[in-house]
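Presented below, as C-alpha cells, is a lone chain in the form predicted alone.
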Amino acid sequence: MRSIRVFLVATIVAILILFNFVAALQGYQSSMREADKLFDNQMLVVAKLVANLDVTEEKLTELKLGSDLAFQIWQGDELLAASANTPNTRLREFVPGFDFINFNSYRWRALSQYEEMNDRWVIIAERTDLRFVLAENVVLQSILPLLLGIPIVGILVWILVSRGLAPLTSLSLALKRKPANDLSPLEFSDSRVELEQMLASINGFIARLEAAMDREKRFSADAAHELRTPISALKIQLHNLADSVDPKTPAYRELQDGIDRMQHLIEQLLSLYRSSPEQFEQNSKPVKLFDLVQELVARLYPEFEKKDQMISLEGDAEFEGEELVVNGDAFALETMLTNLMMNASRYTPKGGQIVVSLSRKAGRIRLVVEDDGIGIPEEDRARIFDRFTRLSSAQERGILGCGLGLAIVQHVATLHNTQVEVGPSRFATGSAFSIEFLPWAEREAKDMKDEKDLGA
C-alpha cells in the first residue's frame, strides 16, 4: 500500500541527505585543500629551521625529528646532514618546490629549497598517511554532526508531515463515518484552502451521484410499476382465453411463456433495485443463515416438485456450539438464495438433485448450492455474472431466463463483502456456487478495528 506520508518523508529526507552529502563532499575537498596548504606552510617553516642548522656537528646525521618528518642538506653531491630515517641518496632531484616521493615503504610529501647564501639544497619530507589521518580527523569532526543529525531530521520531518496530513486523515474518517444512504453535502470544520477545494469536489461528486441514483431509482420503480399492470392484465386475459382456446396448443404455450418471462424480468429488476447499497445499510442486521435457507427450501419446494427434483439441506443451525449468524440484509440474502436455488432448478433436468449445504471453513460460514444439471463450461464461468448474459447451451435447450439472476447474486454478494465462486459439483455433472460469509461477531469486531485504525 502506497502512502503519501511515507513518500513525502522519504523524498524530503532523501533530498536532505543528498544536499548534505554534496555539501559534505565539497567541504571535505575544500578542507583537505586548506589542510594541505597549512601543512605545506609548516614544511616551509621547518625548511628554514633546518637550513640554519650547524652542519659541522659530527652526529648530525643521527638527528631524529620524529617518524613523520625527514630532512637532508646537500652541497653539490655531498650530503652535509640528514635525519636518521633517510637514506644516503638524494630524496629527490634538486628542483625547488613540492612533490611526492617514496622511500622507507611510505609515501612522502617533499619540499626542495635552495639556500643561495650557503650554496646548499635543503630537502624536507613529511609522511602523507599521517598528514591525511590528521586532516581527515579534523574534517570528520565537522561532518559527523551532519550525519548524526539525519535521523533526527527524519523524525522531525515525519512529525511535521503527519501534522500537515492530519486534516486529510480527519476528512477520510468523516467520509468513512458518513452512512452510505446519506448523500447530503459533507460538512468539515477545517478551513484550509486545499481542503476547501477538495471538499467542494467531493460534495460536487456526491450531488451528481445523488442525482444519478435518483434517476435510476425513479426509472426502475416507474418502469416496474408501469409494466406490472399490463402484465397482470395480460395474465388475466390469457386465463380467460383458456376457456375458448385449447391451452395445449403451441401458440398458447408460447404466449404464456413470453408473459412469464416478462414478469420474471420485471421481478428481477425490482430485486436489483431493492438490494442497492443504501437499502443494504438501512436493513443490515444479524441474520440466522440456516433458518433463512431452511425457510426458503420449504417455500420453494413446490417449484422443485413440479420437475420431480429432489432438494436437500445439509448442515446444522449450529456449528461447534455457534449459530451460523451473518451480518446482512435479510431480503437481499433471500433474493440471492432464491436466485441460486431457482437457477439450479432451471438448469437441472426432471428427476435431478439439488443440494444446499452450510458449513464452517477457516473461520467463515460457507454456503454451497450445487446440482447435477447441464453444468457450466470453465471458459464461460467468468462471464455468467454479467447482466443479460445467457449461455448458448441454455438457449439451445429452451430454458427460460432474462440473464439477470446471477448478476443479482453477484451484486448481493458484493454488498456483503464476499464473492461467488463457481466450480464443478459433487455429481458427475452440474455446477456448484459457493459463497463464504464472515460471521456476524467477527464482522462487528473487524468493522470496529478498521474504524479505530482509521481514526489513529
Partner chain sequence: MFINGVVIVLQEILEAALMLSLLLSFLHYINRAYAGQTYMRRTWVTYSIVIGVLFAWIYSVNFSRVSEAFDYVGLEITNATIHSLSSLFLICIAWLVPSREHAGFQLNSGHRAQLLTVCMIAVVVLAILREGSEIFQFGGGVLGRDEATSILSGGLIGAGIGVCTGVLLYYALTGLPARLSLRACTLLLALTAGNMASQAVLLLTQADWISYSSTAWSSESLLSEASVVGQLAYALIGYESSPSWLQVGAYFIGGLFVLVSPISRTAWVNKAHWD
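None of these values were measured; they are calculated from a predicted model. For clarity, a rigid core is taken as the largest C-alpha set superposing within 1.5 Å between two forms. Residue numbers count along the first chain shown, from 1.
Heads up, the form predicted in complex with its partner chain isn't pictured, but that's what we're talking about next.
Shown alone, this chain has one stretch from 410 to 418, 42 to 50, 425 to 433, 26 to 34 that lies within 4.5 Å of its partner chain in the model of the complex by heavy atoms: 26 to 34. Site residues Q294, V297 and D386 are none of them in contact with its partner chain in the model of the complex, judged by any heavy atom within 4.5 Å.
For D308, no non-hydrogen atom is located within 4.5 Å of its partner chain in the model of the complex, even though that partner is not displayed. Among residues of the shown chain, F331 is not one whose heavy atoms approach its partner chain to within 4.5 Å in the model of the complex.
Although the partner is absent here, E210 lies well away from its partner chain in the model of the complex, with no heavy atom inside 4.5 Å. In the model of the complex, E314 stays away from its partner chain, with no heavy atom inside 4.5 Å.
Note on the partner interface in the model of the complex: the residue among A84, L140, L241, I159 having a heavy atom within 4.5 angstroms of its partner chain is L140. The rigid-core alignment places the CA of G423 less than 2 Å apart between this form and the one not shown. Once both forms are fitted on their rigid core, the CA atom of S31 lies 2 Å or more apart between this form and the one not shown. Once the cores line up, the CA of A362 ends up less than 2 angstroms apart between this form and the one not shown.
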